[in-house]
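Each of two forms of one protein chain follows alone as structure tokens, named structure 1 and structure 2.
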Structure 1
């Protein structure tokens, strides 16, 4: 006799209840409305890509987190027999940006440039599951490709601001530039290990000054580490408005050392921050903008501006939005000189913050507003006609399918959070009325059937 199998799902994945899905839809719909408002068009790409499309685009750590798909059938058998180390030829999407670049190259002759697209789709990473970190999660991306103008960066930062204002979240938007970072490494004399150095610096906001001990342990020159410690104490913290002098201090260091790359990066940061300043909201949720010279955004394909957003409320310390400019991504697929810039909202992390802070609206669209009670076949047939009228008026409604005791039907409405129950029994049928019960207060009110919709509204 077979034992019943205990149902389970893979670690790092989740089921979503109807209530959770309503909350998720609220996030997706809010972000999508702003995307469309800013002129972005929808796009979807396959869940899987050729493995060679994804590898080498995310850095060594990112490549390790790609979910590879085993070859199948004869191809797998042949690879095993030959002792091949390459048992996979495809992989699940790691992000939405690289598939987007692949799409642009494949469809370059049908696209109008600059091309503005958005995608809201799941991605997968072979990561260790923990709070705020999942193996399957959604990203909400917006990218502009085919233009080098910094006005695109300005527009994307304003888009970020508008999304989090709409979600009623207090956030910190950090801005930096990869050119400034590489210029920083050059100034410190560690340009030969710039990527390694920059990646380490990116951990400074998580582990504080211990990062400098780690740099020394990694055998970076002590003089370079001390210079970095001094400069970060001057410029890493505080909003842009109150730290202009320290920003200028870093700029002066680059000027004195004829560090053209670093100076160019800082000038781009200043343009973006100065341009958004007049357009930032004066009311609503809290918002700060920071220049953060230690911000690196670990992905290898960024070449210019980089952005990262963190919530200023709740316990989640991870990024909930990020992005940047990439000048060479399509070049990997054979299309040169096609610069792009994009951002990605982490919908799952945003969900966690909204839930923890109680920022979801009390009522979310899509849930039933009115339940017609079922007293029997004759009454149910009458309710079906009214049900159609109510639904055509845009009010979500349903009819309880079985003629059971009213206590059970009222419990159903309570459990589902349905605010009103329409009662049409024998007496209501004769009089042409509807008795409407407010499930919260318990009050009942009899109205003419024609007045039902006005009452609900």
Structure 2
């Protein structure tokens, strides 16, 4: 305490400055407003879960990445005897999905289903930090659990559309279905290695047609790989409308081969894409919605629809939103037959895209609009009254607290991005006026004090 320390923060974590926070809030508030508009209600779970709640839910690698909390007064001697397990009984939230499943099972008798909840909270992973990958980051999830209706999928896609329209971002929304994927694997005769095959398909997005070589390298039958190549090799990422041919071709294949699973998957895709069509916006930023048979998303627990969103502006290649249907999320905690469907927005990535493409609004909500300059006690006391009036009109405003040089006060306004400075010196005080300086243009204008609010609006 007495020694001055050079302060720093743990690697992989971040401070968010006011400037960054206003931008982040713009994203979170936009997403949250749309969540609420679609009937999702907020839920929050604790940062810590019992270690056993999390262990075994994210695979072996995931288990290693869970941040554990050291038990208070953890006893080394005991730890040596009982093993390192006795050091920790709690751990930090790794994602929002497992705590949500835990919450649903724990409160199943109080919850009315279908349960539509959203959750915007940080998660922690002891991952190796690198560009764009952090040890602490926010997830923004919305899920419906307890309903198998495809109308939930329809609503979620429309929700995604609305969020990116509100953020004024040109995006591509890709839709696929696990059943179609497994059906496809069946059709190719590789159903015994379906997960492996699907995982490879998902890479086409990144490595293109090299997936076919890799499939051969991994000893998938040459005939199956050839069939797959026929269907996927050219650019598979077309608009649903113009690609309806491929969809129909696949459907025909599945029908001919009485591949019920594949057919069902495609029918679900069609229902979702057809249902949203009349409700897509006619104006606003560009929007593409398309079927993509190669879209798989890594997570094992998806069983039906799969969604993924990519920005069509900026240089970011990875997805900025994704989701899908799962049939057994709560089974791990003993509650069976709870089908759900959910989506998750990648706020950090959306932030990067909006910043790169200059899509943040010029005036972000919540920042100060007017600074009253301080010319000394008498003037300041007078300003307090005006300050109150401006704030009562709902306009964020402040009075510079010290009567220092004007240059310093103007710099303060500039640095803080305050667009107007109100100057009430001796003259203005006598005449009952206020001089307002526009910090952008540098122009000054004297107005009656009563006219101040009109000027600001």
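Positions refer to the first chain, counted from 1. Predicted model only: the values in this text are computed from it and were never measured. Take the two forms, find the largest set of C-alpha atoms that superpose within 1.5 Å, and that set is the rigid core.
**Q.** Form predicted alone - structure 1 or 2
**A.** That would be structure 1.
Q. Taking the rigid core as reference, does residue 375 move its C-alpha 2 Å or further between structure 1 and structure 2?
A. Indeed, residue 375 is displaced by 2 Å or more.
(Q) Could you check, with the core superposed, whether the Cα atom of residue 19 shifts 2 Å or more between structure 1 and structure 2? (A) No: residue 19 shifts by under 2 Å between structure 1 and structure 2.
Q) Does residue 32 show a Cα shift reaching 2 Å between structure 1 and structure 2 after rigid-core superposition? A) No; residue 32 is a residue whose C-alpha shifts by less than 2 Å between structure 1 and structure 2 when the cores are overlaid.
Q.
residue 445: how large is its C-alpha shift between structure 1 and structure 2, with the rigid core as the superposition reference, in Å?
A. Here residue 445 registers a C-alpha shift of 3.1 Å.
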